[in-house]
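Just one chain is shown here, as C-alpha cells, and it is the form predicted alone.
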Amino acid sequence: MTIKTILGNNDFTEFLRGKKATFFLSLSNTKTANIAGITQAGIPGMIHLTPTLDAEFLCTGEVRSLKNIATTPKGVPTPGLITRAAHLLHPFSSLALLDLGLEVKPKIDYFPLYDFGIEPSGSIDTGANIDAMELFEKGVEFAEEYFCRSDYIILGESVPSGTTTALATSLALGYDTHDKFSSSFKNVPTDIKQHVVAQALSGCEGIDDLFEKLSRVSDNMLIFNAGLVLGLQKRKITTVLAGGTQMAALLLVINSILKHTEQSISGHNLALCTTKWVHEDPNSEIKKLLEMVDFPVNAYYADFDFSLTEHPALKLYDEGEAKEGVGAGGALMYACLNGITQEQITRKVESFLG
C-alpha cells in the first residue's frame, strides 16, 4: 500500500510519516437523505442512523443503536470498518466526535462528543433552513479554543446524501461541478439527484449573499467545517481532510468564503486524502474539483483495494458500490505512513465481518 499524489507533491505526506494524529469525525443528518432513492449510505428507512452507527463502531467496535453493522441494500458494509481497522493497527492519538446535527446521538462513554447545539438540516429541495453564518462562526470558535495534543488532525465525515448537498452547494457558489461528484452508488441515480439539485438551486434565484445561499442549499458539515478548517489554518495546525468529493466541496466553500471576505491562506498546512475508489471513479472527477480552488492544494489517495480478500461484501468496493466515508482515505494514509500493510488492513476488516 502506498500514497499516491493527485495534486501537489509528496513532501506533505513524507513530513507526516511516523507522526501521530487526532481523528475528528463530523456527524450530521440532512433530511435530503429521506428522498427515496437518493442514497444507499445505510439501511432504507433508517438512513438517519448511519452517522450514529459509524461513530459507535469507530470508537467501540460495536453498534449500539442497531443490532448489526449497517450495510447498503446491496450488502456493502460501512467504510467505517476500514477506519476502525487502521485505528486498531496503529491507534490515533485520540478519537473525537463532532455532533453537527444528529437525530440520534451515539451511545458511547469516555470519547469526546462535542455538541454545538446544532439541529439536523432540512431537505435542500425545499430549503436546508440553516443559519450558515452562525454555524460557520461556531466552527471558527471551536478551532480557536481547541487544544491539539497531537502532530496533526485528520477530519472525516459521515453525512448520508452528502454528495448531493455538496453538488448543490458548489453549483450555487458558481462552480461548474456537474458530473464531477462521486456517489455511494455504482450506478448513480442521476435523474433523482439532478431534480433535487435543480429544485434547491431554484430557491437561490436572485440571492447574492454567500451565506444566505449556503443557508438554503448546503449541509451542516460543509459550513461548520469551513469555519473549523480556516480557524485551524490561522493557528497553523496541520489538517488532513479525509474524504472524497464532499471534502473537495468543503475546499470550494472555503475558497468562496475567502474571496467573499477578501482573505487568503497558503494551504501549506492543509491537504486532502481519499481512497483509490474515489480517484478511479468513472462517474466523478475529484482532480478537476480540486483544480477549481484558488489556493495550492495537496491531495492524495491511498492505493488500497480489497484484491487480497475473497469476502463477497468487500469485493463490492472494488466493483464501485462504495468508495469513501468515515474518513477512510485519511485513515489509510495514516496507517500507511506508520508501516501498516494492505494485508494487515484487509485481515482486520475481514475479522469484523466474521
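A residue's number is simply how far along the shown sequence it sits, counting from 1. Keep in mind that this is a model prediction, so the values were computed, not measured.
Keep in mind that the form predicted in complex with another copy of the chain is not shown, yet the notes after this line are about it.
Out of the listed residues 268, 195, 105, 234, 268 is the one that sits within 4.5 Å of another copy of the chain in the predicted bound form by at least one heavy atom. The closest heavy atom approach of residue 209 to another copy of the chain in the predicted bound form falls outside 4.5 Å. Another copy of the chain in the predicted bound form is approached by residue 298, whose closest heavy atom lies within 4.5 angstroms of it. Another copy of the chain is not drawn, but in the predicted bound form it has no heavy atom within 4.5 Å of residue 343.
Residue 137 falls outside the set of residues with a heavy atom inside 4.5 Å of another copy of the chain in the predicted bound form.
Using a 4.5 Å cut-off on any heavy atom, the one residue of 141-170 that reaches another copy of the chain in the predicted bound form is 151.
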